[in-house]
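One chain follows as structure tokens, the form predicted alone.
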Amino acid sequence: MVNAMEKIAVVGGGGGGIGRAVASRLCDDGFLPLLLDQNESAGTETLSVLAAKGRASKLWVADVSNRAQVREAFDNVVSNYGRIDLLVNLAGGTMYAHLIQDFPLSEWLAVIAVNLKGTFLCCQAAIPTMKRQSSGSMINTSSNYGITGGATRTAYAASKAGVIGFSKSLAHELAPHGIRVNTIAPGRTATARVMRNYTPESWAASEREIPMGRAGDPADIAEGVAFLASPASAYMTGQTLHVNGGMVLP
């Protein structure tokens, strides 16, 4: 069982660039981040980062869109640690981009599955434990595209807009049980996966489009997550926190 003074955070997508920054930042606030990621190699790299900070974390290799794998991971978390204080759902991505008339149904459904279905499954799996505790916080991930939409990104935009509506509805359901549900919406963020799609010149041009003159760093998103996970946001639920340098002003 966990040290009574240590808070347990489950971080879905903890092997990604933002996930790694979030897991590392949560350590600073007394959380023990436990990781879910289908990429074992990336997840193991995050474990090494956390070990360097003195945290003996664990990784469950799981596809968040697979109900059986999600349930098994959460059952293991509860069996080994006894509680879940925080759930951060970061797994997801654009994955495919097509004009709508050319969008293969299989690819559309794959995007919806990882971004929206995965968020649903992880929240659903955490709820019984949080209800038993009468406490907990969930942070789901949307995107600027969930507000603005984007040509060729219809599946991604739909899934990320869905995360906002889902989170607001869940906030209503869970507030009487002492559980908060909020959403973080990153804008363009300088992760390795995103930057693979740009040349140095096109990346610099894209940064000039942002009012603050630069793309976000994963650490910027991690600070937003830390705020939503902290007592400083104790009276916030059902809200969407935009971290985008002024790229979107809803």
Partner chain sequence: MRRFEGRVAIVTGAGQGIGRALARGFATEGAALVVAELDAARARRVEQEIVQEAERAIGVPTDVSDEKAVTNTVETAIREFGRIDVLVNNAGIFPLSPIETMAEDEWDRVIATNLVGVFLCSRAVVPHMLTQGGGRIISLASGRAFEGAVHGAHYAASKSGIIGFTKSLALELAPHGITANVLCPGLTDTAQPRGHDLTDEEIYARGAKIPLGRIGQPDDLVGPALFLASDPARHITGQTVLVNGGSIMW
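Positions refer to the first chain, counted from 1. These numbers come from a predicted model, not from an experiment.
There is another form of the same protein, the form predicted in complex with its partner chain; it is not shown, and what comes next is about it.
Although the partner is absent here, R214 lies within 4.5 Å of its partner chain in the model of the complex, judged by heavy atoms. K131 falls outside the set of residues with a heavy atom inside 4.5 Å of its partner chain in the model of the complex. At a distance threshold of 4.5 angstroms between non-hydrogen atoms, D220 is in contact with its partner chain in the model of the complex. The closest heavy atom approach of P104 to its partner chain in the model of the complex falls outside 4.5 Å. In short, of 43 to 51, 56 to 64, 194 to 202, 220 to 228 it is 220 to 228 that has heavy atoms within 4.5 Å of its partner chain in the model of the complex.
Taken together, V77, N80 and N89 are entirely out of contact with its partner chain in the model of the complex: none brings a heavy atom within 4.5 Å. Contacts with its partner chain in the model of the complex, taken as any heavy atom within 4.5 Å, map within 158 to 172 to K168, A171, H172.
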